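A single chain comes next, written as structure tokens; it is the form predicted on its own.
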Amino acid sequence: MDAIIQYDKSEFHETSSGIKISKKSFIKGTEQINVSGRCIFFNDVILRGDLAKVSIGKYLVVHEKVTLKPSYSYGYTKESPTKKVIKFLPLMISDYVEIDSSSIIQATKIGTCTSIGKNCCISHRCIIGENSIILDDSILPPDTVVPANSVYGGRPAVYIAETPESTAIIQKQKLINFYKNFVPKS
């Protein structure tokens, strides 16, 4: 049986859809953030919805000191074809994703049943396929595409192995159990 994790109810907001957000987190631009429900945001999480739309699936666990920030690209306007402008891109995080502590995420898409380790930097416009694992202390350079069912690690992160076929089942069960066992102190 998985361990029960008790938290102080006075330190978290809980929504009617089961989203548990630490009061010590910084969330900006809530009108552009769509969360499916049953997610946990621990202390010191920064979530920037003021820059672009952020879509989050169910059973996301974001550990301490993680920054989730939409990526950007440079482009030109019709009015000034020589003047560069910054365009922020939507951030999409699918279901059953875990992002471990002190990581910085500026990807455009994180696939279902993905695990991102501690102290990772997922750079601008990265796309991470489903059932993937990014190992601790990894740096994904800008525009990296991590294929589905891959393990990436290193600085810069490179392909290391294929994930087992059971990855999706294990990740789903792990995060459902984590959520169920994350309960307020009596």
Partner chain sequence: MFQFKKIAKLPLILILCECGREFLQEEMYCCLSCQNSICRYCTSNEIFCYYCRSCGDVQITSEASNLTISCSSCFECPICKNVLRRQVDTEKNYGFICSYCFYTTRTIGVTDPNFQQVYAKINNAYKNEYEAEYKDFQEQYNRIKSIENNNLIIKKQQKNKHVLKSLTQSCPKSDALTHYSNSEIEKIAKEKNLKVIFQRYNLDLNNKQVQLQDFNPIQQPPTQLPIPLGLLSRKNRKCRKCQKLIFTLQSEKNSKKFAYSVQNLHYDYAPYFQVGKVSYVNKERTELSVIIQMFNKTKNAIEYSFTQLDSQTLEQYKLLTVKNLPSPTFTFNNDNIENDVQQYQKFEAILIIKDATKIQFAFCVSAKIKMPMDQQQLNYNVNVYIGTL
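Numbering follows the first chain given and starts at 1. Please read these numbers as outputs of a predicted model, since none were measured by experiment.
What comes next is about the form predicted together with the partner chain, which is not displayed.
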Considering the partner chain in the model of the complex, find the one stretch among 50-58, 23-31, 156-164, 65-73 with heavy atoms no farther than 4.5 Å from it. 156-164
Should the three residues I86, S101 and T108 be counted as contacting the partner chain in the model of the complex, with contact defined as a heavy atom within 4.5 Å for each? no
Contact residue in the model of the complex, chosen from C120, V35, I40, I133 - any heavy atom within 4.5 Å of the partner chain: I133
Given that the partner chain is not shown alongside this chain, does V151 nevertheless sit within 4.5 Å of it in the model of the complex, heavy atom to heavy atom? yes
Does the partner chain get within 4.5 angstroms of any non-hydrogen atom of I170 in the model of the complex? yes
Is N177 a contact residue for the partner chain in the model of the complex, using a 4.5 Å heavy atom cut-off? yes
Counting only heavy atoms, which residues in 54-81 are within 4.5 Å of the partner chain in the model of the complex? none
